[in-house]
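Here's a solo chain for you in structure tokens, the form predicted alone.
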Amino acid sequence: MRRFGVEFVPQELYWRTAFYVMQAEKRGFDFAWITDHFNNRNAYVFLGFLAAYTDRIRLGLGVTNPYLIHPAVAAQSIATLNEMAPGRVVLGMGAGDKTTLDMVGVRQEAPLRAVKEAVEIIRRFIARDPSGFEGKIFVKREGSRFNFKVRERIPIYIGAQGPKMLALAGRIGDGVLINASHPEDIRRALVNVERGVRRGGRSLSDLDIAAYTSFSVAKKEKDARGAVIPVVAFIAAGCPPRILERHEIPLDAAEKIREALVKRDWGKALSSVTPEMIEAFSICGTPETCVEKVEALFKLGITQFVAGSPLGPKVRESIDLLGSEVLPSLREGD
């Protein structure tokens, strides 16, 4: 069964973003993913508010990290949220954003091990397993457990982009959030996820495989493309050289954008974004164009499509376009 998610960054006033989530629920989305960065509003507090104002849509951290949020605290928070919205809460766990971690002096050390150990500890706490765990990064002492029961199993999705993290997601995750928009990047990511699935002695059907995309839809193509340019600028600036080369994007073009962003020269940064970058790092266009591009990702093997920032030039109108013209067409192909 095809699933559809939408990502929101808790940057705006909480009630405005909450309105968008409630609108998405009415428009038929299955998941609302809330990003977790220290410089935006607190994702856990915000999800607690959403739990009271939604009925059906699943609520997820998309994604948190074990460097700023200790696994024990992440487990406690997600378990508490699950009491507010029983069976509707999911946890997305990843290595975090190096740029924002650097801002507060946190080193992103051994990300694979950190994520793997965090997932193990979180699952033990949720299961009220009193056994100890002696990791190289995190420790759970013998006898430590919650003083309350978690009645529903809470799925853990792993946010991944690199080959090793994708394989880890395939090995231990309930789902994987693939940070990519282009079919070739998704295809290559799935190869690594499948490698992890085999190593874990699992089946690919055990996972919800989500394409976590940069997305923009509007009635007019130029409006959709204009809205996505700022997001693409940041993606291109932080993109690994191997991915830039895959899409035949000159390294110096991405470096030019990065330098402009560091200097907060928004005009130079945005004007340096090329059509090739937009094509590589986003899904954008009219509803018809978006349906065609998302359908191609489902045919590759994803099971969930996540429409990520910016959604479009006007968020409210874009959610309506998604719900009325994009999702219905894609569900027909299920």
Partner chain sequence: MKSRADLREIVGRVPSELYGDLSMDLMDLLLAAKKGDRLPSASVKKLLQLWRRDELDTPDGVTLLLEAALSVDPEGTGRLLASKGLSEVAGKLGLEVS
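Worth saying up front: this structure is predicted, and the values here are computed from it rather than measured. Residue numbers count along the first chain shown, from 1.
In what follows, reference is made to the form predicted in complex with its partner chain, a form of this protein that is not presented.
Novice: With its partner chain left out of view, which of S272, T303, N40, T54 would have a heavy atom within 4.5 Å of it in the predicted bound form?
Specialist: The residue from S272, T303, N40, T54 that makes the contact is T54.
Novice: If you check in the predicted bound form, is F49 within 4.5 Å of its partner chain, heavy atoms only?
Specialist: Looking in the predicted bound form, residue contacts with its partner chain include F49, since a heavy atom lies within 4.5 Å.
Novice: Examine A18 and determine whether its closest non-hydrogen atom to its partner chain in the predicted bound form is within 4.5 angstroms.
Specialist: Although its partner chain is absent here, A18 would touch it in the predicted bound form, with heavy atoms inside 4.5 Å.
Novice: So in the predicted bound form, does any heavy atom of V9 sit within 4.5 Å of its partner chain?
Specialist: Judged by the heavy-atom cut-off of 4.5 Å, V9 is well away from its partner chain in the predicted bound form.
Novice: Is it the case that K26, even though its partner is missing from this view, gets within 4.5 Å of its partner chain in the predicted bound form, heavy atoms only?
Specialist: Looking in the predicted bound form, residue contacts with its partner chain include K26, since a heavy atom lies within 4.5 Å.
Novice: Of the listed stretches (54 to 62, 294 to 302, 278 to 286, 263 to 271), which one has a non-hydrogen atom within 4.5 Å of its partner chain in the predicted bound form?
Specialist: Answer to the contact question: 54 to 62.
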